[in-house]
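One chain comes next, on its own, written as structure tokens: the form predicted on its own.
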């Protein structure tokens, strides 16, 4: 009898572990560090479930065109997928993502561990949960903490501006620091990623929020011709032209990072996941000298990908098993320790993670208050318009007022086309 009970227990565990026929799950993934970290951890998933995972890894620009044919098919070839916030409106409107609420409730998966800003960006759409947040790329201020702590600079800054030199919390304070450190401690006070369309659009959004502006009101009436928006673009052009390197108007984020990483710039407003690269001596001359902070004036722009299951997925239940596994606290912590960019809040209070990456304390503050970019069906199209108009203003092809007016009218036209604009 004792032997039979033991055998029954073993069989029960096996049935629970392999609750469905073992399958091979297929996914299209971006060629970023988090994808490779997850790939390294996949043997754990296979050992627990019996399912294999095949990842077709490619550049960002290749993903959307390759995903759409599968998403529009009655039975697709993709079992689960990462969804950039750019695509959320389009994918939700088209009905390409499976609602997850029933599976979340059935299995008791706790979604309260995610920051509200994350769930609103790559989690819920109009009250339905279509995704679980995957990785974040919220933007923050990276700056030279060694210069801020230097007594000579503290005295010089205080004498010039009548305020203490410290981690900036107001936009005016930061702008003064940019001016002070240009040719005084560093060659440039700031380096910008001015390339169109995505780099400049994402970076300038922080300037907009830091100046108290926003893209639209609750009815999607554009607010890009406001005084705050005009000041944000004036500040951006001023920093890029007067306090940064020649050619920054064409820099993408990698070129801008290289300037900051070589110690030539006091600050770079960028994606938080550059912090580990600053600590890599093979890429950086400022190891131990950089800090991360929320964009002064509470301007940090949110950014993230979410895990979703296509409605055309041939193995939806097994795909859900994968998502539960990859977003479990244990796997998320392991990915964070490998240098990943988690979205679960418990990863930011994990002592082991904090010991290895002290900047997670600042990132915790950033994610708790980050502001979202407009998410609707035509987000990618609006980014193209926005990037083009901002670039024209930077090079003087258009006035600030005219560039912002075009952005504003195009935002409203796309919102009307999408049906979210309300009179």
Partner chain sequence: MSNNLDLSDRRFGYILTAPTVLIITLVILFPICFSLISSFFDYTLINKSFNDFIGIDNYINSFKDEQLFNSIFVTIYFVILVVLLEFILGFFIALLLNSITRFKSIYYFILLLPLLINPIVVGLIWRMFLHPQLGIFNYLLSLINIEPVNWLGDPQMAFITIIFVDIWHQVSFMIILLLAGLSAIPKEPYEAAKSDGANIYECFIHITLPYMRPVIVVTILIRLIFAIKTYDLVYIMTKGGPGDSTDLISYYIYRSAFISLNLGEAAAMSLILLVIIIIITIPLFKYMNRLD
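Note that the structure is predicted; figures quoted are calculated from it, not measured. Numbering follows the first chain given and starts at 1.
Same protein, other form: the form predicted in complex with its partner chain, not shown, and the subject of what follows.
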| item | value |
| --- | --- |
| Answer option from 154, 184, 250, 225, heavy atom within 4.5 Å of its partner chain in the predicted complex | 250 |
| Its partner chain: the contacting residue among 365, 359, 36, 64 in the predicted complex [heavy atom, 4.5 Å] | 64 |
| Heavy atom of residue 311 within 4.5 Å of its partner chain in the predicted complex | no |
| Contact flag, residue 196 vs its partner chain in the predicted complex, heavy atom cut 4.5 Å | yes |
| Partner proximity in the predicted complex: residue 259 to its partner chain, non-hydrogen atom cutoff 4.5 Å | yes |
| Contact test in the predicted complex: residue 349 vs its partner chain, heavy atoms, 4.5 Å | no |
| Partner-proximal stretch of 169-177, 296-304, 134-142, 89-97 relative to its partner chain in the predicted complex, 4.5 angstroms, heavy atom | 89-97 |
| Heavy atom of each of 337, 421 and 423 within 4.5 Å of its partner chain in the predicted complex | no |
| Contact set, 377-408 vs its partner chain in the predicted complex - heavy atom within 4.5 angstroms | 377, 380, 381, 384, 388, 391, 392, 395, 397 |
